[in-house]
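Shown here is one chain on its own, the form predicted on its own, set out as structure tokens.
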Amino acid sequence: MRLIIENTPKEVARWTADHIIKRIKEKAARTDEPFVLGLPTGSTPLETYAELIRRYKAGDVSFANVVTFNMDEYRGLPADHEQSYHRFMWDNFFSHIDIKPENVNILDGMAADPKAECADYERRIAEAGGIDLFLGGIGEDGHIAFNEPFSSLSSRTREKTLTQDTILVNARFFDGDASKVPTTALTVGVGTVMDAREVVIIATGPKKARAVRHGVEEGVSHVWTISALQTHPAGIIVCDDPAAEQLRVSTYRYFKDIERDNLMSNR
């Protein structure tokens, strides 16, 4: 695992966007096949999306040959609902870049048969050749996508009941009214995320510090689904200083030293 510790959320966004653009260009240099990118929603990736949009407008990257798969969608919200993740992605990212609408994949929260919808999502990922890079955020309780504590670390895309903690955290998007937050969601599984060739998890702010500590320093456990990243051969956590504040000093210094050496060797 790599742990990238930046000073601010803006620097986290810049590092993450740089890394995604680098990977898109690397694949484009060796094949005409599309780059397959997994994407999250929520407040954490917003600055990364803004940076990717800025870089696209500057001519640094094209998304015309990128296929995306989003992590999750609320059950029972139509695509045009103001709090659906379909709406979130088009409002905050897709409408501002040159991605082809047919290359965007988001789970259908209104599917009549959610089990079939989830199975079809796994099939579509496989048909796309698998995900090259899965970008994700992290919940305060260490969940990735909507894989709440005690989710199987080998889980696949499925319908999942949301914990009360997650509902309360997300109530801020529903006028502060927890009763308006859907109680279930369709989500990729931990195993689905870990199948990606590379996984990048971003975490910012002190509320994510405990989750980062469990993801980096504690053992692999279904209590903290972020900890599954420890088993991935190309797993990266990118966080700011406040999100790293619960790490041991020796851990903090180790990763800072490693990345300083990486930076020097790449110059």
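Only a predicted model underlies this, so the values are computations on that prediction, with no experimental measurement involved. Don't overthink the numbering: it's just position in the shown sequence, from 1.
The next section is about a form of this same protein that is not shown, the form predicted together with a small molecule.
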* Please name which of the stretches 229 to 237, 36 to 44, 50 to 58, 216 to 224 has residues with heavy atoms lying within 4.5 Å of the small molecule in the predicted complex. => 36 to 44
* Even though the small molecule is not shown here, does R172 get within 4.5 Å of it in the predicted complex, heavy atoms only? -> yes
* Asked: Any of the heavy atoms of G191 lying within 4.5 Å of the small molecule in the predicted complex?
  -> no
* Is E159 one of the residues lying within 4.5 Å of the small molecule in the predicted complex, judged by heavy atom distances? -> no
* To do: Considering only heavy atoms, tell me if G139 and the small molecule come within 4.5 Å of each other in the predicted complex.
  => yes
* **Every residue of F69, L107 and E117 near the small molecule in the predicted complex, heavy atom within 4.5 Å** => no
* **Residue (of F146, Y121, F93, F134) lying close to the small molecule in the predicted complex, criterion heavy atoms within 4.5 Å** => F146
